[in-house]
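Okay, here we've got a single chain as structure tokens, the form predicted on its own, with questions on binding and movement later.
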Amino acid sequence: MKLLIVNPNISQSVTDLIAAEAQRSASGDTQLTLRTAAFGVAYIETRAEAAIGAYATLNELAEHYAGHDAAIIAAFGDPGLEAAREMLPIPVVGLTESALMSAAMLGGRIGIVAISQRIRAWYSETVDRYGMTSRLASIRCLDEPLPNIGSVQQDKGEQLVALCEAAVREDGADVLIIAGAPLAGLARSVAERIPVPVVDGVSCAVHQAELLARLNPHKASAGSYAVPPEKSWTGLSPALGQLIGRQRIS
């Protein structure tokens, strides 16, 4: 099996964290291809940044999906996920949806711990989009600048653990999601210190992608996830244009 994993952020250090956790989580015979967005921001916090990250992600997916059995969008908030499912003939999963669906099978009330207060609105809207707001206990976030996104686990690890403990003690969380690609692998390292199950978006997404690839579903030919209609296009990469419109304006 081959999985394509795209980091919608431009930080190679974050891609390295994603790769390490994905490799720990993947089956022994699964091959991983990691790609980092060619343009965008160091880490996504806002709706505008998410829109840019979605476009960068669709470009990477279009260029590199061939030969892969499934793809993963490796940013919490899943920028571009629904569009990618329309566009590609292989299953596509995101960190948020995978983590939420996994967490829902481990407990009733779900707490999310994240890296930034500014990210809260986008995360809340993403949870609502997946119909999980009624299960959300809280979103707790760090509230200070992050000078090095690749070292946030080392720099802020104890504060993140404290946020997890507060989500359980004060918000009634039955299960926690440690959210965001920069925190990939942290759930694994602190699980014994937290009194409820803790899940990680990267590991959940890898397992979900492997499962969907093994199910080998047919690409939709009807409904809202059918291939986009043919139309003229210009200004896109050839790979993305062929998937989106298939009729280029010369």
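Source: prediction; values computed, not measured. Sequential numbering from 1, following the sequence displayed.
One more form of this protein exists, namely the form predicted in complex with another copy of the chain; it is left out here, but the text below deals with it.
Residues of just one listed stretch (103-111, 69-77, 176-184, 151-159) have heavy atoms within 4.5 Å of another copy of the chain in the predicted bound form: 103-111. The three marked residues, M1, L17 and Q242, fail to reach another copy of the chain in the predicted bound form, with no heavy atom of any inside 4.5 Å. Another copy of the chain is not shown here, but in the predicted bound form it comes within 4.5 Å of a heavy atom of M87. Of the heavy atoms in Y55, some are within 4.5 Å of another copy of the chain in the predicted bound form. When another copy of the chain is considered in the predicted bound form, A166 lies well away from it, no heavy atom lying within 4.5 Å.
In the predicted bound form, another copy of the chain stays beyond 4.5 Å of every heavy atom belonging to L136.
Along 114-131, these residues reach a heavy atom to within 4.5 Å of another copy of the chain in the predicted bound form: R118, A121, Y130, G131.
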